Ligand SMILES: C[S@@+](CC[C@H](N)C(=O)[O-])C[C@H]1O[C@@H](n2cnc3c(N)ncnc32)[C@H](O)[C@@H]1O
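Only one chain is included here, represented as structure tokens and corresponding to the form predicted on its own.
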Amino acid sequence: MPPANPRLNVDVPGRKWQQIEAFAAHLDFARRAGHWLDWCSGKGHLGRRLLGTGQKLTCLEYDPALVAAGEHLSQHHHLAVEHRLQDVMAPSTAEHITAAHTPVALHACGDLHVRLIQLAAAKGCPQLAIAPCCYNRTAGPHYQALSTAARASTLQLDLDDLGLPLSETVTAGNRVRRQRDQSMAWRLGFDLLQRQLRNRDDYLPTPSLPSAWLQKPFAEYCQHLAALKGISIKEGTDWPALEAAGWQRLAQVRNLELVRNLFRRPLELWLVLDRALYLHEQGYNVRLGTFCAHSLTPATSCCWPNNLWISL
């Protein structure tokens, strides 16, 4: 892939552009693409980065605002790009993909990238590249395997299991991490309090509070949450002891996470291999690898940086 026009990274967040550049650098198809199809394209940053001389580009996106913004950027760069407003999960999407297309999808979530895999295979697209993510964003309470091997497996995954690969945050700064820990510790402390006050040993869901609330005293934080849930707090509550108990519970949670997280990477590889095996069954030669550093990919929006390169 030739170097990008330096103007193309205008209005693209730095980390996103680094991901796009890394993804583009690893594309190595057996034949040159004639017509790129940017799947769930947003503003079309990926497609414009890949577009070369003599090639065409079609972007599919369901958000009208992003389609309009993408059209504006393509016109700004004097590129003949077709931005189409399309829900890729709709039946009509099949009309927008043909064997002439080389589809690409960078972090298309859950069923969105599965839909691309299935349609591309059905339409006979000679090659495609995807970076799958967010496996838990799927219809139904359990994972629906794609390949013959995965369907024959006794492994049963629910939505919580499918969210495990996303449970690590790798790009947050120290301040964000401290805020997250404090918020969790305080919520765990409040959880102990509400169990005592309600005389019920079960979890009580509470709404999210702005991060500014973490600047208030712990007692005021708990009193606000209690008021939101209609709970009366008794006088004489030992707030320092309750807060300390919350931090102790957080330490216990972290220890449990150490065990759970041992399965994070193997589970994601299992899910990715299911996609690779499915495409292999459809007659594709599949390459699987990483395209960017672990630290570049935020787990809040995607999984570890896996990439599937697929070609017939």
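Note that residue numbering follows the sequence shown and begins at 1. Here the structure is a predicted model, which is why all the values come from computation and not from measurement.
If you look for the form predicted together with this ligand, you will not find it shown, but the lines that follow are about it.
**Student:** Which one of N136, Q223, Q86, S183 is close to this ligand in the predicted bound form, taking close to mean a heavy atom within 4.5 Å?
**Tutor:** Contact with this ligand in the predicted bound form is made by Q86 alone.
**Student:** Report the residue, out of C40, L271, A33, L279, that has at least one non-hydrogen atom within 4.5 angstroms of this ligand in the predicted bound form.
**Tutor:** Filtering the options by heavy-atom distance leaves C40.
**Student:** Within 4.5 Å of this ligand in the predicted bound form, do K16, Y62 and L106 each have at least one heavy atom?
**Tutor:** Heavy-atom distance to this ligand in the predicted bound form: all three under 4.5 Å.
**Student:** Looking at 229 to 237, 107 to 115, 73 to 81, 196 to 204, which stretch has residues with any non-hydrogen atom within 4.5 Å of this ligand in the predicted bound form?
**Tutor:** Within 4.5 Å of the partner lies stretch 107 to 115.
**Student:** Can you check whether L66 is within 4.5 Å of this ligand in the predicted bound form, heavy atom basis?
**Tutor:** L66: yes, in contact with this ligand in the predicted bound form.
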